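The chain below stands alone and is given in structure tokens; this is the form predicted alone.
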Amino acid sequence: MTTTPLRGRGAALTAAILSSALVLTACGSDGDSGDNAAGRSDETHTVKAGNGDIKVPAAPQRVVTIGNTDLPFIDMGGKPVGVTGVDESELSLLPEGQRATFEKATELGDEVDLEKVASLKPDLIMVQIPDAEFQKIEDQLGAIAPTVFWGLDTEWKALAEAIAEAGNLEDALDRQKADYEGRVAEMKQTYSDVIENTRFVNLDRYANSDPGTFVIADIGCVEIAQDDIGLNFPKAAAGADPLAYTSLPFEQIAELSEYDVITYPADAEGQPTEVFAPVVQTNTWKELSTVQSGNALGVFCPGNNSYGSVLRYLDSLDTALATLPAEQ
């Protein structure tokens, strides 16, 4: 499964012009000043990233995260000194402690201000943005601090592994992986009959969807339910665009009666998200036998690019599946 950019976080990031003076300041002999300088070590190791083999500090103390690396790093307990822009709708989904960590870091904005990056005197920069956008700022970032980059096609588990290795968070990652693998195994056993005999379909809408439309979503958190748990959701043929790329009119909601269970996006309280609410308000939706029988399940997905957020999704999915009758 590829990491899905969260709420437009894969949008193009442009950079302010960085003067040569700032480059020298960032790389000069005084670059070890700052709150965490005393804890620094000269020990390094090499990590493999999308931009090659990069030598990074073994225990980085001042990490700047750009693009989709912000939240996975924080999720594993990292405390970045600089972060890029995150929408309020996304921040609102974070646990309180993680949000506090994010807000304590210096905001670099959607347009990455390289002068501000340099002023933070980082000893490591981690980046996940579109390849073309990284190429525009790769040299400038590398002049400030060791920079590791991963493209948007990096699978979320691989990204977590890479961030943990670069950021010295491997112990935290090991704990999260163990929790995740245990939860998946438990759910596969608990819902073995559901996995074997139930036809699911996952619906969604986007903030920019045309009025009166929805999608059959086969990307995002549903990929975890499908690929790791084994639930039977429709997905695009190999090599074809995801089903989620095709908008469908509300009139086609009636065709969903062929499925045993419908899942749809809900908030943390289990209510349909604001964006999806127009679907559940239609008469066509209300008349579906699946809806009337209680087999339309709202599931909370706070994100799908870190183990912590995915575990919260599995909690919600588990709660929803537990409401299904013993046989479908």
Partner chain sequence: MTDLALRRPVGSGTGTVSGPRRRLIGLVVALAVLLGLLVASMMIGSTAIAPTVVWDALFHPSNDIDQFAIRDFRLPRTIVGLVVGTALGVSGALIQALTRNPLADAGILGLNAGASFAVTVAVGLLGVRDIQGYMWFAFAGALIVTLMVLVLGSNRRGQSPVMMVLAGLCVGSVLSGAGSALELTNPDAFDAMRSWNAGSIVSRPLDMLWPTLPFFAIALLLAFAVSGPLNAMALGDELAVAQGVRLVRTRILAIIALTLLAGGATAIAGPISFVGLMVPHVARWIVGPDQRWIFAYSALLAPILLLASDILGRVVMRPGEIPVGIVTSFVGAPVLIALVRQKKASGL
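Just so you know, these numbers come straight off a predicted model, no measurement behind them. Residue numbers count along the first chain shown, from 1.
This next part talks about the form predicted in complex with its partner chain, which is not shown.
Segments offered: 223-231, 93-101, 204-212, 155-163. Contacting its partner chain in the predicted bound form at heavy atom distances within 4.5 Å is 204-212. Put simply, of 196, 255, 170, 186 only one has a heavy atom within 4.5 Å of its partner chain in the predicted bound form, and it is 255.
With a 4.5 Å cutoff on heavy atoms, residue 283 counts as touching its partner chain in the predicted bound form. Among residues of the shown chain, residue 182 is not one whose heavy atoms approach its partner chain to within 4.5 Å in the predicted bound form.
With a 4.5 Å cutoff on heavy atoms, residue 110 counts as touching its partner chain in the predicted bound form.
Not displayed here, its partner chain is kept clear of residue 191 by more than 4.5 Å at the level of heavy atoms in the predicted bound form. Shown here without its partner chain, the chain has 284, 287, 288 in 284-301 lying with a heavy atom within 4.5 Å of that partner in the predicted bound form.
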